[in-house]
Every structure is written in C-alpha cells, then in structure tokens.
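Next up: a single chain in structure tokens, the form predicted on its own.
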C-alpha cells in the first residue's frame, strides 16, 4: 500500500528519476501522487489526485536538482483530494514528509501541535509539524529522532528539509529499502522502483533510521547509536520487472509460471529437509497467510494430510491472535507472503514468538521483514510480481509446500519429479490456442454479475482462490464453495444461466464433484468444467493435464486467465484493481 521513492545523487534530473520511480510503484495501489524537492532554497511541490503514469517526464526537465522525493497515496486518513496527497509540510513549508502506514496517536499529537495549523485531514501532516517543533532547538537529524519517538503505530517516512542537502528516512513496521548506486542513493518501498540503477541494497529494519547525504549512516531510533548494515545484492534483472511484449503484468506473470515453478523447487536439498524436519518435530504446526497466500496455505494443509499424513492447522493471519492459547515453545508457525511485508502476517509472527514458538517463512523477497524475522526462510524465486492479483507467486508457494510434504516422507526426489512434470505440462498448455479458447469462454460470461466455483479435497482451496481472482480484477461477485456444501444453502443462489465453474481432478473424489456439478446443471447453471477429462455435464470444457495430487497447480491457471480476460473485456485494468494494493502493510 502506498509507494515511497527518494533520490539523492550525481544526477541533476532528480525530479524525473523520482517520477519514473513512482510510476514503477503503481502496482502497489494508490489514488493520488506527489513529488517535492529543494529548488534553490524553495520547496517545489506538485501533488494531485490521479495516475502518475499519465505524467510526462519532460514536464520536470527544467527542475534541475540532485535531491527529490515522492509518494503514491492509498487513502486511509482523509479523503482522496489534492490537499491530502503527499508530501505534507510544516507551517513554514521548509520540512516535507512522505509517509506509509498509520500514526495511531495522530489526533492526540494534532491537539498538542495546534490543529488550526493543519491544512489536510491526514495523520501524516503531524509528522512534519512535530519535526518542525523540535527543529527549533536541534539539528535536523536530532529533530527527526525526537519526533519519531513520539509516533505510535506503523510507519515508513522520508523527510527533506530546505537548505539541508540530505534525506532522512525511518521505519517501524512498513517496508523501506535503500538502493546504493554509483555516487547515488535511492529510498523506496520496493526494489523494482530503482532496479534499473542498482541491484545493491540495504534493508532498513524496524526502529532504524538512515541519513543519506553522499553516504549512508544507519541509526537506532531508540538510542541514536550507529548501526552497521550488510550490503545485499539482488539477483533480479531490470527487464523482469517490465511488461515487455504483454499488455498487462498479470498476463505476463501468468505466462511465466512455466518457468517460476521450476525455480521454486530449485532449492538446496538440505534447506527443504530442514523445514520438513522442523514440521515433523513440532507439536502443533500452523500455516498462516492472507488473501491468496492464505488459500495456498489451505492447499498446503491438504498436501500435508494427503502426502505426509500430518495434521497441520491453517489460520488466516488476521485471525491468528485467537489461536495463542494453543501455542507453546514446541509449536511451529509457517507463514507465507509474496512481499514479505504483510502487516497481519508480521503480527501473527509476533504472537507466535511471544509464546516461544519458532517461525518459518516462504517469501518472494529475500531480505524482506518477514524473512529477516523468521527463524528460517525459503525464497520462492518467482521474481518481481507487479500485478496486484497474485499468479506466479501463488503457484510457486504451492509447489514448494507440496515439495516439503514429499520430503517429510523421504520422497523428495519423487516430489521434484512430479513438479518438473507439472511445469512441463503447464508449458504445453500455455499456448496461443489455449489463451484464445479461454478468452472465448470469458466472452460468454463477462456480462454476468455472479459466478460460483466448486471444488473438493485439495481443489476446494482453489475454488476459494478462484473466487478471489475473479472478484479482484473483474469486479464480478464470485464465490467458491466446497462441492459437497452446495445442498446446504449455496445452491439457492443458482438461476438460469448462472456461470458455475467445476474444478475436477482424476482422483477418488472425481465422481462426487461431477454429481455436485449435475445438481448445479439441474438448476439451470452454465457449467464450465476444468478437468483432464470431458463430461456430458460441461457446457464448456477447459482441458488441463492430469498431474495427480498436484492438480491444484494446473487447475488454477485457467481461472487466472479467465479472470484476466473478463477484466479486459469489461474495460478494466487487471493490473491495478480498485481499492486494492499489492502489499498490505497496514492492519
């Protein structure tokens, strides 16, 4: 949620660099944007509601400066207005602040600072006024330190002071990364924003501050003491974060799954066996994630049951706090997050650690907060995922869970063989003819406002995930159900022509799902079957390969494509659905 980008360096077109960086952060979700810089002793500011992608870089070409910062805002406090867009300032417009997160005590601070001095409805503005208050009697760096100590809640901030040719940034709970280039420095919410300039980064940890002034100085927010940080090289290529020949990131990332599943399972054998052993040794193991990652956890729950014969509990991260009664030092929490910064997941981890439990994580961003705060972390290696709707990261997460399940019974190599076969078969189906057919199915159902998806066993979580995909990018009211639960209420929703998707595998419950599909058809449903084999009950048959227990990995891909094409046919942008953000860093 929201995006921060700051630059200090040898270039004199810092404003262009910042605007371009914000454009690369659009996938995070936002409703307004703004940029600011110190131009000849005056604060230059431009901020407005709308898309930063529509801004022309040449409009900033005459703003010669080597320091600038900007922000894309996803509204939390205050409506979507130009005044509420970041950056925000002190009364004298000498101090500018951009901020991600929520300041929980902003009302109290606003009263203390004199609310008549405020020009926005945001919580962010208190930060600028607070720094200005301390700046009267302290150097800039000390003023920021004092101000930040007064803030309650989660935040990542970058501050600029007119006349001081440096940036100061601080974080607690919201991501912020420092990019180290050749004589230039970048501050950003996510790596793709500066990937074309450098692959060397420092991760800012909670309760840390960095002063960027031709070098980088890291400080502890509580004590002000210096901190040494390790420089990390990121192995992502700049082009992997670009759309290339595709119209949208979502389609590009769907198509990449033929490679990303192979990358996900290309793990050090000792690491996989270590995780498998930790799950075996635990007394009470939980899987936890949010949204799509949560549905992958549910699939993992089935994999561990069906393959490893191990009971593992799933709990949504936002609900995990309730489970603290069952946690003890012998417990294990396995969390999943694409970004590695999900606020609810971090809170779940805190709950587990408070009980002495260990935490393992599966993340797509090495060095992310979740990875650093875990006792052990596996990198899913999906590469940058910029569409809000997760596709390649989700199947990579699922593949890794299946691989761990096979390792738990001493069948790691068989698990690899299964998943290599899955990747090969996904490569076969992701061809132009398959895409054209999916698009033709989307044409037939795009005008319906309701859709239902059923699955059983390991495909039940995929029915739930399918609903998420369709909801978030096409705004169709979609719901997923366990196939056997239809007769207990949901079937009342089905009327003549209602699109219903049946997820079927060649397994022991196949006939059960077909029988439930027949019940839908009898109520007038338009049946879309996703299955290795055709059936008379299907009005449309989307053929997928038969991959046994790994069927969720192939069954979800047609849904991803169907959701994508419905969105496009309805004139929507599947990469940036309304009201949603890629990385949810506030609770």
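Since this is a predicted model, take the numbers as computed values, not measurements. Positions refer to the first chain, counted from 1.
Not pictured, yet referred to below: the form predicted together with a small molecule.
Interface residue among 251, 285, 468, 405 relative to the small molecule in the model of the complex, by the heavy atom within 4.5 Å criterion: 468. Here is the short version: of 361, 502, 390, 100, the single residue with a heavy atom within 4.5 Å of the small molecule in the model of the complex is 390. From the list 371-379, 484-492, 156-164, 286-294, the contact stretch for the small molecule in the model of the complex under a 4.5 Å heavy atom rule is 286-294. Of the heavy atoms in residue 260, none are within 4.5 Å of the small molecule in the model of the complex. Heavy atoms of residue 338 reach within 4.5 Å of the small molecule in the model of the complex, making it an interface residue. For the chain shown alone, residue 472 is a contact residue for the small molecule in the model of the complex, at least one non-hydrogen atom being within 4.5 angstroms. Put simply, residue 396 is far from the small molecule in the model of the complex: not one heavy atom of it is within 4.5 Å.
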